[in-house]
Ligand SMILES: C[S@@+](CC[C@H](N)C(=O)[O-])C[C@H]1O[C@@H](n2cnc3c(N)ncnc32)[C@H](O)[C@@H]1O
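Below you'll find only one chain, the form predicted alone, shown as structure tokens.
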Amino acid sequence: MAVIILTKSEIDKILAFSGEFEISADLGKSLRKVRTEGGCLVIGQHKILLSIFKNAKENTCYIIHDGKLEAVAFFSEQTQLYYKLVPTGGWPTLKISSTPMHRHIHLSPKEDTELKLRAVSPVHGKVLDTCCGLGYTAIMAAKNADDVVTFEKDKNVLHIAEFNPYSEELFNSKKIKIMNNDVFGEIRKFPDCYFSRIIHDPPTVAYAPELYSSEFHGELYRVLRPGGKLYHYCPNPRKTKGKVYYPKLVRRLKGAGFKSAQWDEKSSGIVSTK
């Protein structure tokens, strides 16, 4: 049976309805007909006990494994971090120890990704996606790029992505090359002027300070082609207190050689040109 992934809203339908009805078993990508009979949910040739659905919680994605309802979430002893796929009503986000990897309150993760790519449009040629996450940037970039290289050093993140219906193209697209390595060190292996576009969407400064460093900005400049564009996400957690972080990044990027570095409020990032 293909992976079934459910949220509480779909589970509530399963518990409330009887007979034949439709649910989404892939976070809204499609609908499929199911039915209830004899205390079971029937999906195709498979029967699942309705009793397993009774304790489902909000803000959680679930799969059915060995007849049990399991959250797409786990704690890693290796990293000491907790990973969770969180529904948003559209494309889900990933939370790592309660920190979301996408903006998702005032706009969806899809819209968030679209804004970042639009900031460096047209996307073409070879594209570097420095921090893969659930793969949304790489997937969208691959629609127009010749090829996309995307880095994700945390294998736990890629494992979560395997359950996400909206991450399927990350693993299936022939244009996308996934590197399970740390981009901070691996970027040095690329030749000068290799990429036409770079999307640098790192975690917060607390998680990855090296990806906000002048040293890394210098490498981003080196591997970008003349005339190429860089998008650099900039978290702004202190905005409401009158303190902003992006001016510091603008100075660093210009210090690395970029001839322009403009703050783009809509995408919450800096757009630079070589």
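Being a predicted model, the structure only gives us computed values, none of them experimental. So that there is no doubt, residue numbering starts at 1 and follows the sequence shown.
One more form of this protein exists, namely the form predicted in complex with this ligand; it is left out here, but the text below deals with it.
Of the residues given (207, 53, 245, 221), 207 alone sits with a heavy atom within 4.5 Å of this ligand in the predicted bound form. Checked against this ligand in the predicted bound form, the residues 61, 211, 48, 234 give one hit for a heavy atom within 4.5 Å, which is 211. Look at 190 to 198, 120 to 128, 68 to 76, 135 to 143: in the predicted bound form, residues with non-hydrogen atoms within 4.5 angstroms of this ligand sit in 135 to 143. At a distance threshold of 4.5 angstroms between non-hydrogen atoms, residue 182 is in contact with this ligand in the predicted bound form. Proximity of residue 203 to this ligand in the predicted bound form falls within the 4.5 Å heavy atom cutoff. Although the partner is absent here, residue 153 is a contact residue: one of its heavy atoms lies within 4.5 angstroms of this ligand in the predicted bound form. Contact annotation: residue 85 falls outside 4.5 Å of this ligand in the predicted bound form, judged by heavy atom distances.
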